[in-house]
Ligand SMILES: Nc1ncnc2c1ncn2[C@@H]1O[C@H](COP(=O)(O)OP(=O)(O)OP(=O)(O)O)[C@@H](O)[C@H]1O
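Shown next as structure tokens: one chain only, the form predicted alone.
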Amino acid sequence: MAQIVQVVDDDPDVRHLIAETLRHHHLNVIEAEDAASGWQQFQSEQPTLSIVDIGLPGKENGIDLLRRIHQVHKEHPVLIVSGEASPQQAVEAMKLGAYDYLGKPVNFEKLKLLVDRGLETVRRHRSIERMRATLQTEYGFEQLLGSSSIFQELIVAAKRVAEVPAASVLLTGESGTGKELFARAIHCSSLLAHEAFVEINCAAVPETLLEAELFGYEKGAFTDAKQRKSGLLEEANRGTLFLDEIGDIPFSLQAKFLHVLEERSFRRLGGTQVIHVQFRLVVATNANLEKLVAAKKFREDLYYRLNVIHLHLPPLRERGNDVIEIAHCFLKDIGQDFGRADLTLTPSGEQVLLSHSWPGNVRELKNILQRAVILADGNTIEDTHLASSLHLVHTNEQQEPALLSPATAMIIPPEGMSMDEMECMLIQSALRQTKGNVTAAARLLKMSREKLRYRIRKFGLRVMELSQDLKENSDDA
């Protein structure tokens, strides 16, 4: 967008000198001689910055024009210029939002510096808005799927919370309900969106390291402290700090963290310098903090300090048809990942999803759909594909001896696995269940016998060895 500077001054000589000076520095300049024409010009040309003389002729002066501009565009930078204004007028102009004041006769070197400062402010604001728009597209509330009344009421409440950056937020709910997504949406929809979003899972960091991760440390604070390291509290300054699984924070660390929340200051480990911070705190847990307080495992004063705004995320089983809406969205994403466009869900498949209790919530739903897509030959996901996937999961949960092999349980190793490896594991599982009977295995996998034989050759599987493995396991039992 081209940068346009508006100059509003009734003195034609001063106005032209200012305009020519700025044009010499490759800026586009428009001119007006009074407040009325300046206001019309502001509306039609939408300048990037305005330079306004206070003592304009007519019914309105420069202060009036400044007030009108900021009624419609509060962030628009206005530089006030005058040689006759009283100190009271200059002070009033600054209170109304003028970003600076320049007296006459005009010092053109200082004028250029002030104009550059105003334009840099505009560039920074636009950059922030672009960043905020990008974050909203990726992490905003619009990305949280669900039309049920209980979920929409939660969205409305979370949006209100986002507007108050000082308020701490406690997110509770079962595992897989989307607590991290809500934390990010609150951050990205707030005035802090352009600042850092810093997260840590308190359950994933050993107790001995968590304090150092949060507070940082000075060189020599402990044996392995070879140099100073900033902690997450510093990194989150002016932004959002998200502590997941807050119920697992060590009791010995809770008092120190409470002090940070109350004083907004701390010292690094081994340090003496007091560091002041300001951040929005969002914490999440699937534990019952009130029970932990009663059991003396969580400080009561810290609990009340965290529980300023409490948002409870409902489990998927309580959200009605949201499961169908989310499933269709997941199928679209899975189709793109697997190179299978136009994946669809049959009405009978939808009924299977609606009848399931979803103990793993949205996370479980995504995993089940991925398995179902692998089992399906075409692009239509039937109830049988979903039922087979759910059977694999629940059989693993129930620990039935006949299906305890990794291939059947579909446990993904920490280093990950390819889709070919996952398909190979499914085929191995089916062949073990059918004692090497290819026809029966093909029936389980909802594919033709010829397709299964092709895949057996593709992966180099030996049916007799799989059958023998099952027999030996049975003999050992």
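Each residue number is its position in the shown sequence, starting from 1. Small disclaimer: the values here were computed from a predicted structure and weren't measured.
There is another form of the same protein, the form predicted in complex with this ligand; it is not shown, and what comes next is about it.
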{"property": "4.5 angstroms heavy atom contact with this ligand in the model of the complex for Phe298", "result": "no"}
{"property": "4.5 Å heavy atom contact, Lys112 to this ligand in the model of the complex", "result": "no"}
{"property": "This ligand contact in the model of the complex: Phe151, any heavy atom under 4.5 Å", "result": "yes"}
{"property": "4.5 Å heavy atom contact, Ser230 and this ligand in the model of the complex", "result": "no"}
{"property": "This ligand in the model of the complex: contacting segment from 173-181, 104-112, 378-386, 273-281, heavy atom within 4.5 Å", "result": "173-181"}
{"property": "Proximity to this ligand in the model of the complex, single hit among Leu144, Ala90, Leu243, Val260 (heavy atom within 4.5 Å)", "result": "Leu144"}
{"property": "Residue (of Val78, Ala236, Val362, Ile368) lying close to this ligand in the model of the complex, criterion heavy atoms within 4.5 Å", "result": "Val362"}
{"property": "Site test, Ser252, Arg268 and Tyr303 vs this ligand in the model of the complex, non-hydrogen atom cutoff 4.5 Å", "result": "no"}
{"property": "Residues within 4.5 Å of this ligand in the model of the complex, restricted to 304-340 and counted by heavy atom", "result": "Arg319, Phe330"}
